[in-house]
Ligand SMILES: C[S@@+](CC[C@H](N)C(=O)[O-])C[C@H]1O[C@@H](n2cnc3c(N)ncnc32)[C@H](O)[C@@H]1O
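Heads up, the chain below is alone and in the form predicted on its own; it's given as structure tokens.
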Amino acid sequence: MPSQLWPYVTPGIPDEFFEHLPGIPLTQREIRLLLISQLRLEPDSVLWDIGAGTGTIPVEVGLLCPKGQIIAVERDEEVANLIKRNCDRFDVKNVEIVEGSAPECLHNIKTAPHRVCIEGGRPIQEILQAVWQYLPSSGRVIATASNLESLYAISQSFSQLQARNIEVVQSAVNRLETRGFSQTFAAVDPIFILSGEKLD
């Protein structure tokens, strides 16, 4: 359902349309598109976005799936307020913000997820173990890794949890930028996107 600020049915809102804070992660547009494609959303999916940061994924998914429900988990009050402001900015009504640290706060969420997106959190293995308990059969988890340690931890967790249909994608995106009098291509920081399904 398009908003006044983004009157299109396709995802891919430019980064500068979002309000952001210094030092708070913002999932860049091209990475966001890869993440959303890996989620394999249905019209009424319930998505938990853990480590929601600026709130770009909740906003995009909220617009894509107006009948769905998005739970944005964020531990910092100031960042949780930022997510709310970005949802209001795009007139997204189906996002609930849970303020707390994962995995400890997850038991407070009333609605079980069909999909889980993990974009942050140092105890990534604990978070994965915890969300797995809430997922139904055929539920799907997507996790991002920006360093070797996170990549290893997520891979190991998927193996321990016996996740099925595992996919790993690494982004390689370059954007055209104007620098002085010339236009040049600048690389967007690469990231690994890992996905797996729970099949009982």
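Start at 1 and count along the sequence shown; that's the residue number. The shown structure was predicted, so the numbers you read here are calculated from the model rather than taken from an experiment.
Below: the form predicted together with this ligand, not depicted.
- Each of T27, V79 and A102 comes within 4.5 Å of this ligand in the model of the complex, counting any heavy atom.
- Of the candidate stretches 46-54, 133-141, 167-175, 62-70, only 46-54 has residues with heavy atoms within 4.5 Å of this ligand in the model of the complex.
- Residue contact with this ligand in the model of the complex: H107 places no heavy atom within 4.5 Å of it.
- With a 4.5 Å cutoff on heavy atoms, R75 counts as touching this ligand in the model of the complex.
- When contacts are judged by a 4.5 Å heavy atom cut-off, R122 counts as touching this ligand in the model of the complex.
- Interface membership of V95, defined by any non-hydrogen atom within 4.5 Å of this ligand in the model of the complex, is ruled out.
- Along 172-187, not one residue places a heavy atom within 4.5 Å of this ligand in the model of the complex.
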